[in-house]
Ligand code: GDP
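The chain below stands alone and is given as structure tokens, in the form predicted alone.
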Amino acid sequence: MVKAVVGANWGDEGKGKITDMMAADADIIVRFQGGANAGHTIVNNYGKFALHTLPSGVFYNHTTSVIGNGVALNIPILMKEINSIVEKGVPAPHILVSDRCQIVMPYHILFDQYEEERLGKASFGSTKSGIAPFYSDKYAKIGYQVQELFDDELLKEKVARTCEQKNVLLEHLYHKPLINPDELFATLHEYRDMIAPYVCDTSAYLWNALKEGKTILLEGQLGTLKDPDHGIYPMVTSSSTLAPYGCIGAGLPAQELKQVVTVCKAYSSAVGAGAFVSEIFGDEADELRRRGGDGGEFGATTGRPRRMGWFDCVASKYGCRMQGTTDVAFTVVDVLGYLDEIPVCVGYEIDGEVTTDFPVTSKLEKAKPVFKTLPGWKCDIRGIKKYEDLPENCRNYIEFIEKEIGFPITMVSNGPGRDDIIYR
């Protein structure tokens, strides 16, 4: 059986924790898209970790972690990450990397930095991890698959071709140092030696696992609103963040996907540029940011302060619909315990008309939030294990949002730890 854990909004919903929790009952966890440009923060009995490429299920002895073909693979970062968790006492994880996975090249990271620099004020707020240049090359068919590292003749020829093309841009557009083909070739040999022990045909491996009745968990990065087709284009990421893409990014048959757990935060937050209708500012935002998450709302990869807002029913209803949601995991509810009243965005006013349907970006830029205010519960709910033991106003808040988005909230997270979860 295949299950997916994905985000409903801008990313940062708390997917790492939910994946870590669901991995207890899974055999294989697959990262299916994105790269080391976003992180998942996990708190468990080994400590606190920020993972970037490794799936969030690496902390169990019984699981296999797969880096799927849809991932932007930064080989040195993956190696560093494996070492960093083993150094903290985590047993060496069993990791497989798809032979069809594409590699983030050193020049992708440079081009990402140079382009943001060139764009200046019009930049995309990129994490400068090389993601957009990587996917551009993948779809222009000039990227490098892992399997190509093992064919020296092919590699040498390809490196020469790549340098010729990239150096034109470096010289004439960016006015930066050129790439030396011999140095690049040597770097790729180093990459080959690092990754060799992990490489296999992961799609065949997953197919066999399915036939044996194993449980496979797909882990998405970011959320619906960062999807290049269905998100707030162009302020999106470069790979699909939707659960159905999980089957493609892992190499699995689509009809095997049986459960989609879409993670929603009890308030909103976003990193990077783009329309964000329910955004709040000033002291109100600072207080929510400081209390939020575990140790505050700052990007797991960049450390950037996240933009804060109240829960957005319009964006979340759309986010859940696009994911094909079967279950909603509602996270960080405990953070809101300090508020007398909690505003919830229930509609967008665009050109004088109110809508509850999520619009295209040009209309989104004009949208003003329509808020409904609910009473707060004014107490700490961490440690509560049963839904009926939550304060009445807290249950009312959860049930109001469930009704507005139209998808069942089956898990409520009330703390950062693996066991801070309430099942409904």
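Please read these numbers as outputs of a predicted model, since none were measured by experiment. From 1 onward, residues are counted along the sequence shown.
What follows is about the form predicted in complex with the ligand, which we do not show.
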item: Stretch from 86-94, 181-189, 273-281, 328-336 whose residues place a heavy atom within 4.5 Å of the ligand in the predicted bound form; value: 328-336
item: Non-hydrogen atom contact residue 43 with the ligand in the predicted bound form at 4.5 angstroms; value: yes
item: Touches the ligand in the predicted bound form: residue 414 (any heavy atom, 4.5 Å); value: yes
item: Residue 39, heavy atom within 4.5 angstroms of the ligand in the predicted bound form; value: yes
item: Any non-hydrogen atom of residue 307 within 4.5 angstroms of the ligand in the predicted bound form; value: no
item: The single option of 378, 366, 382, 372 touching the ligand in the predicted bound form, heavy atom within 4.5 Å; value: 382
item: In the predicted bound form, the residue from 251, 143, 347, 293 that sits within 4.5 Å of the ligand by heavy atoms; value: 293
item: Residues from 12-28 in contact with the ligand (non-hydrogen atom within 4.5 Å) in the predicted bound form; value: 12, 13, 14, 15, 16, 17
